[in-house]
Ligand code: HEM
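A lone chain, given as structure tokens: the form predicted alone.
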């Protein structure tokens, strides 16, 4: 009877519900953040200048007189994300199978039920477990090097520092975990339930699948571009990106050239690519 009363008290406690709510809230914020993060990283697909503009904007360069920005802004942003990451992981791990016996039982039940949402939960557990280690490495690098985000330095980490395998595995895990998590949040809390729950479930699952494919494609393409940039920049690894000035060539097309070197009289010397005023 005493044990029944204790168990009854545990069942009527609001703590598990509050922890579920906190887990859902942190997961929602992190999931939406990762989608925004992927769009920002994918700016490299538009060129090195576009990615550099995004990186400098994240450093609040528009508030700086010199235009160099404040790396501390990136540091505090990463610190906030890291805190949410740790809280979400701590809340989520309580639902993980903690022994091989429990894992075997779950796998057996999954094979017997053949329920797609249960399979999604399992993959969310697996990707979450992998993310805990790989994501911690990535966040630590960003915390300790907040001012080293530009097209060349980021590409050097991918290629010269051989971080691309970690980023590739992390990319797959993040996109699977994030889209599955957002889908399961909608189902768990009844968001977008509509009048026909079965139809809503199918619609949400279709959106989840398409979002997963979309973000995986742009993520892999962005990683490939960083790999190529890092490969071409490998002989100058560690050299930061310096935007070049665009001049007009004699053919009338835009051409990128380094800034003209000033002469002894303080006037810029003529550049072979620049149209002369005497023509």
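Positions refer to the first chain, counted from 1. Computed from a predicted structure; not experimentally measured.
One more form of this protein should be noted, the form predicted together with the named molecule, which is absent from this view; the next part is about it.
The unique member of 142, 110, 126, 203 whose heavy atoms fall within 4.5 Å of the named molecule in the model of the complex: Exactly one listed residue reaches within 4.5 Å, namely 142.
Candidate from 176, 170, 120, 182 lying within 4.5 Å of the named molecule in the model of the complex - any heavy atom: Contact residue from the list: 170.
Heavy atom contact within 4.5 Å of the named molecule in the model of the complex, the stretch among 86 to 94, 102 to 110, 184 to 192, 133 to 141: The contacting stretch is 133 to 141.
Within 4.5 Å of the named molecule in the model of the complex, all of 53, 228 and 241 (non-hydrogen atom): Checking in the model of the complex: none of 53, 228 and 241 is within 4.5 Å of the named molecule.
Residue contact check: residue 157 to the named molecule in the model of the complex, 4.5 Å heavy atom: The answer is yes: residue 157 has a heavy atom within 4.5 Å of the named molecule.
Contact test in the model of the complex: residue 77 vs the named molecule, heavy atoms, 4.5 Å: Yes, contact at 4.5 Å.
4.5 angstroms heavy atom contact with the named molecule in the model of the complex for residue 69: The answer is no: residue 69 has no heavy atom within 4.5 Å of the named molecule.
Contact of residue 35 with the named molecule in the model of the complex (heavy atom, 4.5 Å): Contact with the named molecule, no.
Contacts with the named molecule in the model of the complex, stretch 197 to 233 (heavy atom within 4.5 Å): Residues within 4.5 Å: 219, 220, 222, 223, 226.
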